[in-house]
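One chain comes next, on its own, written out as structure tokens in the form predicted on its own.
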Amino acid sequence: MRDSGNVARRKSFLGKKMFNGEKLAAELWKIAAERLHALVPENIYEQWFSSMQPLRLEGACLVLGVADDFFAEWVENSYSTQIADALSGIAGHDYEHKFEAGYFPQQPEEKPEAVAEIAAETVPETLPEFSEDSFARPGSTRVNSNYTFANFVVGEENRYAFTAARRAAEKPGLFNPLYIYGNTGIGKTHLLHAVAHETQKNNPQMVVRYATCEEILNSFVESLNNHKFGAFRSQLRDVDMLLVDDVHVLGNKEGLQEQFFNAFNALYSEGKQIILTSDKRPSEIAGLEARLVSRFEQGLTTEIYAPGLEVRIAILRGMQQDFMMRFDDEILEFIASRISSNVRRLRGALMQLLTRVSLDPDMPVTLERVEYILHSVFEEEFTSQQITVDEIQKKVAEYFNLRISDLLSNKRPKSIAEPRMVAMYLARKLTTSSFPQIGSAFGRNHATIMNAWVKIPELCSKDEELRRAVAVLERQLKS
């Protein structure tokens, strides 16, 4: 989106050759910032872009000052396209951008002492909570009321994780920390919310805080912008129980890891319960500091697996209770037999079927009709489960113009070693094979596969060509 009212101003900007690099950068950023306001929501602009400082122009590259490297990495990964759009076509020129750490927002002028004292009394140092539904105060539960232990369907695949979570709710501190990991959509978040409910039922005065790691990250960034680290620290520490979902988001976030490490130690030393979930074991999280890996593994670590057929049927039966329409067990068993990867896809399939059937309630619900309505869901499920390590080796070898024997050899040139690590990384990401199983397929031990799992994201963050190659290969394999 372009603001035509700024055309004259842009032309004027380009004509001011007497400006130095700093003034040119400031003028360019004014124009780009106006565009960004139109490209992103207001809260996103305020959180990420309002504190940036235009430093200088280096040729056709605008250098922007930000708080730290973490801030720069996050913005680049999340909003580089929007920034590029905002900097393109300004008076016929396209500009690149880069970030420089160490520039905090300008502080307002100091108020007279008396005024400052009044302000301190009337405006406490606070930050927005992690989310509207994430903070459970004594006597109230502000988490998802649909997620309880009572409606969690237990099977052999999740029994250990369920039992551990329930014991942690009944006797906080018994397992500390409790770390639950597994693939997406199989019940980790459900268990965290259930712990919050059960804890407050048993101990109404306990302060329980649930948050996704993404919400903690956003609150941390806000504390950087507002210089209110004390408020951020209190959000993590002034609790009796801390429940953090998707803790793998901490990977490569050095500033946030430091804060989280300190908060973890403070809570642990006071006997406060900590429960974490992730899609990976602590040692598998790329960019997670060794000291945090050690802390996360010092309690009880348990894996939760995708539910079996009987559990999936029971889950579908439970989901039906929320709706007026009911399907025969034959229909539920058919859906459950075709979708085994995760509960979220099961729910999505049931919702899609309910919606379509409700539009034409007079037509009988047969297996053939269900197959027709859910064909795309079944196809997606089938595709996601058919990728094999052999196929990945073949596709990677073709992409990098190598032979499969090269990937399986002990040759160490970068032209072979790097594609080999890419194949190992994709095998772990796109298949259900374990590290030892993938190691066997490559003639390596599991530690070599774990190293590739950690190393490839690090290399991709520095090498755009490699990042693009991994993305293309992943897309091709999924299709």
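Just so we're clear, the structure is a prediction, and the values are computed from it rather than from any experiment. One rule holds for the numbers: they count along the sequence shown, beginning at 1.
Just so you know, the form predicted in complex with a small molecule exists too; it's not on screen, but the next bit is about it.
- Checking G173, G255, G185, G287 for any heavy atom within 4.5 Å of the small molecule in the model of the complex turns up a single hit: G185.
- Scanning S405, S376, N151, Q298 against the small molecule in the model of the complex with a 4.5 Å heavy atom cut-off leaves one residue, N151.
- In the model of the complex, no heavy atom of Y79 sits within 4.5 Å of the small molecule.
- For the chain shown alone, I315 is a contact residue for the small molecule in the model of the complex, at least one non-hydrogen atom being within 4.5 angstroms.
- Taking the partner from the other structure, the small molecule in the model of the complex has a heavy atom within 4.5 Å of a heavy atom of Y147.
- Remark: T189 counts among the residues lining the small molecule in the model of the complex, judged by a heavy atom distance of 4.5 Å or less.
- The stretch among 328-336, 341-349, 260-268, 195-203 whose residues place heavy atoms within 4.5 Å of the small molecule in the model of the complex is 341-349.
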